[in-house]
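Only one chain comes next, encoded as structure tokens, the form predicted alone.
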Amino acid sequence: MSSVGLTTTFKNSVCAHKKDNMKLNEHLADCDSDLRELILRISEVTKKIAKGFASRQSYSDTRNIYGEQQMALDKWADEVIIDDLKGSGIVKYLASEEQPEVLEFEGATGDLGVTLDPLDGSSLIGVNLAVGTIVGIYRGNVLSPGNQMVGAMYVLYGPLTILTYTVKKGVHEFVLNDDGEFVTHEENIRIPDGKIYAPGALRKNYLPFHMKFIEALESEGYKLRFSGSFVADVHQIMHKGGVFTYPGFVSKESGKLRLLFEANPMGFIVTQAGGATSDGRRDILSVQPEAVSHRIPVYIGGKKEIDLIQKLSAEE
């Protein structure tokens, strides 16, 4: 199959910060005080999570709202983050993948709303592959379209512990150093032109327009890289270019991934890095969440790949 409209768009950005090994708290100096405190609080909790993998490998005897058996680490990570944010006074609302409803913290003086996937990819912990924590940040109601976020972040627990955040002033990456501090690793990240694709779902269940999309990528020499950890796969795409997709498929046209906890925060970060995101037909960030459990097909990566899938779906 011949290629379909795979043109390149890439723009360099000027780095706003020049100091090497700048600590996260210094980097956030010009941020709104409550956003700064929130990001720093979560960064401290994730340091604790990074140390908790060895002793929490087992599954619990409970399931989340999606019917999935929870790992002990899932529940523990959820609890430690919620406990910290509940006591912060700046977070009013919190929705977690591990909780059935949006939590409202009485007595909070701030208006921040947080969406939380405490441990994305936790099924991979037992085989020692990278997993992560994903956070979306709103002012007020978290059941709002992703384009109303004021910030987002993720922490990737791999060979390095990496924290990436945006507050709509570029996308910046930090590494946890030997002194236990998050320090600058890469600033003003821009998604490059690249040829990696990370496709979820079984090929035999692909919908026709999605099959055309995958065949177009393969005809252009895209290399398949899919670990099963959404945050890790998107992190790779953001640095090497290409596209991650977990589409709608036969018998599950609404897809697998969660709008609030996975698609919106990661889509927001990639968009701030010059990429794009779609459910195959429209910008994911424009979608009004219907419920905490809202699932959606996901395409996330370079603008050329997102333009292509939307073109193919429109032709169906």
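Treat the numbers as computed from the prediction; the structure is a model and nothing was measured. One-based numbering along the sequence shown.
Heads up, the form predicted together with 6-O-phosphono-alpha-D-fructofuranose (P6P) isn't pictured, but that's what we're talking about next.
- For the chain shown alone, Leu257 is a contact residue for 6-O-phosphono-alpha-D-fructofuranose (P6P) in the model of the complex, at least one non-hydrogen atom being within 4.5 angstroms.
- Contact check for Gly228: a non-hydrogen atom falls within 4.5 Å of 6-O-phosphono-alpha-D-fructofuranose (P6P) in the model of the complex.
- Among heavy atoms of Phe244, some come within 4.5 Å of 6-O-phosphono-alpha-D-fructofuranose (P6P) in the model of the complex.
- Taking the partner from the other structure, 6-O-phosphono-alpha-D-fructofuranose (P6P) in the model of the complex has a heavy atom within 4.5 Å of a heavy atom of Gly121.
- Of the candidate stretches 99 to 107, 113 to 121, 166 to 174, 83 to 91, only 113 to 121 has residues whose heavy atoms lie within 4.5 Å of 6-O-phosphono-alpha-D-fructofuranose (P6P) in the model of the complex.
- Of the residues in 188 to 222, none comes within 4.5 Å of 6-O-phosphono-alpha-D-fructofuranose (P6P) in the model of the complex through any heavy atom.
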